[in-house]
Ligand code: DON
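Before any questions on how it binds or moves, here is one chain, the form predicted alone, in C-alpha cells.
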Amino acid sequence: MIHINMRKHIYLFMLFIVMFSCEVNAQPYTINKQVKGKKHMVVTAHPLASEAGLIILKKGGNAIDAMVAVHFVLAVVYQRAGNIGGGGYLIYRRNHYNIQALDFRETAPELASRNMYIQQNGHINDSVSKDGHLASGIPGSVAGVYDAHKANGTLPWKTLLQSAISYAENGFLLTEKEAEELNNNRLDFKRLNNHQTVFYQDIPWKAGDKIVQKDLAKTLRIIQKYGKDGFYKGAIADLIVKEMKSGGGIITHKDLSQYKPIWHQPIEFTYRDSFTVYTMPPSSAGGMILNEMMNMSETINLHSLGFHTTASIHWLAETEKRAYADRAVYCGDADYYHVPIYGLTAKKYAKHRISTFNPTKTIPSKQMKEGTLQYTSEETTHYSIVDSYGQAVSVTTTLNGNYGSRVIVKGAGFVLNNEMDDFSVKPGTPNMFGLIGAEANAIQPGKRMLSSMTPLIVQKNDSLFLIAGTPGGATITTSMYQLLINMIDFNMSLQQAIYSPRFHHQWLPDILYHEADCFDTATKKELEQFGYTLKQRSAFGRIDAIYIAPDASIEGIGDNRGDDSASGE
C-alpha cells in the first residue's frame, strides 16, 4: 500500500510540473479565430473582452450593454489601444431603418494653439506632439460609452463594469504579443513618467506573467458608481489635471467638464444596388473616402479583372491614391471647417475622379492633385457585436500610437492618448502615419482631430449583412475597402476576405505598401513596370468582423494578425 501511494504522489507531482510548464510556455487563453452561432456574437482584440461581452448577452443584455463591458475590459487587458484615456467612434443599428453614429473622438484643449508644436526655426517639434503630456487631447471614451448606454442600454450600468474591475484588481495573464508590446515600450514608460508604473519592470515581461492594476481598479470603481461624472469631475479629473501640470500638459478641469460626444447621421451609401453601407461622418475621414473609393469601383466589373491580378491591384491602388489626395485637402472637423461631404461622396464625382485612370501605368502622386468639387448642400482597436434582438454595434477606439503618449495618470492607472499628432501640426507636412493634412485639419481649441477610423455596418436588402472595423492608422480605410471588395466583388467568405494579404496606397508618400506574400514575383515586376514603387511592411491592422448569412446564422472572425478572438453561441 505504501509503495502504491508513493507512486501516486510521484505521478501527481510530475503531472503538476508538466501542467505548470505548459501554462508558462503557452498562450494563457484560448483564442477563437472562427466561431459560428445562431443568437449573438462578439469579436474583439482580446479573448477576455470577447468573453465579457458574451456573458452580458447571455444575461439578456443588448449589443450596447455588451459594448460597455467589452470597452472597459479592453481598457484593462489591451492597454496599448483599449482605453479610457482615448476616444473613438460607434455605429449603432437598432433595426434596419434606425442606424446612428456616435463621435466620441478626443478634442483639442482650450489652451491649444495652431502653431503649438512649431519651433522658432519653423521646424516641427514632433517629439512633443507624439510623446508625453502635451501630446494628449481631451479623452472621449468614458463619455461616449456612457451616453450610448444611457440612450440605448437595458442592463444597469454598474453591473457592466464588474469584469473589468475584477481583471484590474486581481490581475490577468499576458499573451505573448502583449508581453512583447510592453517590452518594446518599457523604456518609454520609464522616460515619460515621473512615477513608478505597473507597465515597467526591470526584467522583461513574458507570456503568462500576471499584471495587476490596483490604481486602474479604483478608477473603474469610481466610474462604476458615478458614471461619466466620475471621470470628468471629482477625484479622477483632479488626478488628470495634476498629471498634466507635472509634465507640461495643458488639459484643465474646464476642458474635462465641457467635453461632449456627438450623435450624427452616419455616412450612408449603396454599392452594386443590393448593399447599403453605414459608416462614420467627420470628424473621421474614413467614411467619406471609403464611399468615394467604392463609388469609383462601382464603375468597373472588378470580378472580371481577377483577384490580386496586376489589373485589379492597379485599379484599387489608383482609387486609393485619388481618395487620399482628396482627404489631405478637404477633410477635417465639420463643426470647424466646411467639409464637402456631399461633393466627395457623389457617384457623379467618382466617375469624374477616376476618368483619368490609365490601364497600363500609374500617375505619379506629384502630378495627382485633389479633385475639383462642386460644393453642395494607427494604435487603435475595433470590436463588433450583434445580439439576439438584431441590434449591432461597430466600434473603433484609439489612443493613436501604441500606448498613446505612454503617460500613465499617477494614482489613476490609465494611459493618455497622443491624438494631438492627428491634427495637421503644420499643414502640408506628414503626421506619424505619413498622412498629409491642410487647413481643414489645423489645430484649434475644442476641435476634433481628423481620423481614419472606419467602423461600418452593412445591410443587404435591408437585412443585416456585416459588422466590421480595424485598427491600422492610415491603412484603416483601405483595409475596409478591400474587405468589402473581397466579399462582394470576389465572392469570398468572411475569413478569406480578412485573411487575404492587403496593400495600401495613401497618395503621399508615392509608395504602394504591401504585406508579405501579397504579390507574386511576376505581379511585382508588372507593377514596377507600371511605375509603382513597392515596399513590404508589417501587417495592416486586425479586422474583427461578424457576418450574418441568409439563413440568419452568424459567423465571427478574429483576424489572424493578432490575438483577436470571437465568442458567440
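This one's a predicted model, so the numbers in the text were calculated from it and none came from an experiment. The first residue of the sequence shown is number 1, and the count goes up from there.
The form predicted in complex with the ligand is left out here; the points below concern that form.
Asker: Looking at the ligand in the predicted bound form, do all three of Ser136, Gly404 and Arg448 come within 4.5 Å of it through at least one heavy atom?
Answerer: Answer is no for this spot.
Asker: Quick one: from Tyr499, Phe433, Phe307, Trp263, grab the residue that has a heavy atom within 4.5 Å of the ligand in the predicted bound form.
Answerer: Of Tyr499, Phe433, Phe307, Trp263, the residue with a heavy atom within 4.5 Å of the ligand in the predicted bound form is Phe433.
Asker: Consider the chain as shown here, without its partner, and state which of Gly413, Gly85, Gly473, Gly437 has a heavy atom within 4.5 Å of the ligand in the predicted bound form.
Answerer: Result of the distance check: Gly473.
Asker: Considering the ligand in the predicted bound form, find the one stretch among 394 to 402, 491 to 499, 91 to 99, 154 to 162 with heavy atoms no farther than 4.5 Å from it.
Answerer: Contact criterion met by 394 to 402 only.
Asker: Classify His382 as contacting or not contacting the ligand in the predicted bound form by the rule of any non-hydrogen atom within 4.5 angstroms, answering yes or no.
Answerer: His382: no, not in contact with the ligand in the predicted bound form.
Asker: May I ask you to check whether Glu419 falls inside a 4.5 Å heavy atom distance of the ligand in the predicted bound form?
Answerer: It does: once the ligand is placed as it appears in the predicted bound form, Glu419 has a heavy atom within 4.5 Å of it.
Asker: Met453 versus the ligand, in the predicted bound form: is there a non-hydrogen atom within 4.5 Å?
Answerer: Yes - in the predicted bound form, heavy atoms of Met453 and the ligand come within 4.5 Å of each other.
Asker: Should His71 be classed as touching the ligand in the predicted bound form when contacts are defined as heavy atoms within 4.5 Å?
Answerer: The answer is no: His71 has no heavy atom within 4.5 Å of the ligand.
Asker: Residue by residue through 102 to 129, tell me which have a non-hydrogen atom within 4.5 angstroms of the ligand in the predicted bound form.
Answerer: Heavy-atom contacts to the ligand in the predicted bound form: only Arg105.
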